[in-house]
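This document opens with one chain alone, in structure tokens, the form predicted on its own.
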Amino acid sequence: MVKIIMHGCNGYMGQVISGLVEKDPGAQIVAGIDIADNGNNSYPVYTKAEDCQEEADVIVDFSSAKAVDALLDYSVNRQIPVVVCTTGLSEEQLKKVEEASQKVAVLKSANMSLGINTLLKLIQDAAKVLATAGFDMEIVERHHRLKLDAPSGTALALADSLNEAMDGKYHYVFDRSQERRQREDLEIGISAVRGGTIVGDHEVIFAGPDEVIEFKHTAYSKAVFGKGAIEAAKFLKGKPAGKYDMSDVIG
């Protein structure tokens, strides 16, 4: 069984993961860390990380970018591997993730969904066949109206996966309305849709002469990210220092 410290336990995803872990015989949350303790958890909650001294195998983080620096210090100091699920980190923070991974196991991924990370592998195999044969590659992502960034980090990860399969020869086009020209061969178009309460929808399109192949992933609730985070925690237990991602979990 993996013993987890839930960082950001009283946030939306922290509560989702807490509920999932209660039904998972292979995991247990032994403590939580959050700036506010509403007292509704079945485990002790600390408002300061340094006050949390429970023995644990892994820390799972779903908090805010401003809390990640202190979290990484805590992880290194206590030598507890950490799954970093918080997005929107600055370049300086990403560098700190790299530095921390030299001292403790750190897993960070653009998307925690097992489905998305399987898709990242599948589209690479498809690109090697279809893009080589002249198929155009496009990505369309859809999210709720409150999402601030566009394109999504997952859309960029999908584009990077396609480009990696093609030896980095492609460039990205984000807004075709700004350029009146026909499509070039070595480009990946990325389009963003924002509206309603769409949790997350990503579509990878391979468009060739007289045929189209599409790969699509739809998240119907944020629970898919929580399930992936728990699987990542199980994977990271006992791992040596280093940087890991979800491809290691599903690999």
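Numbering starts at 1 and runs along the sequence shown. As the structure is a prediction and not an experimental result, all values here were calculated from the model.
The form predicted together with a small molecule is left out here; the points below concern that form.
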Among the candidates 186, 193, 212, 35, the residue which, in the model of the complex, approaches the small molecule to within 4.5 Å (heavy atoms): 35
Heavy atom within 4.5 Å of the small molecule in the model of the complex: which of 86, 152, 101, 163? 86
Partner absent here, but in the model of the complex, which of 172-180, 130-138, 105-113, 155-163 has residues with a heavy atom within 4.5 Å of the small molecule? 105-113
Would residue 218 count as a contact of the small molecule in the model of the complex, using a 4.5 angstroms cut-off between non-hydrogen atoms? no
Contact of residue 242 with the small molecule in the model of the complex (heavy atom, 4.5 Å): no
Tell me, yes or no, whether residue 30 is in contact with the small molecule in the model of the complex, where a contact means a heavy atom of each within 4.5 Å. no
Closest heavy atom of residue 207 to the small molecule in the model of the complex, within 4.5 Å or not? no
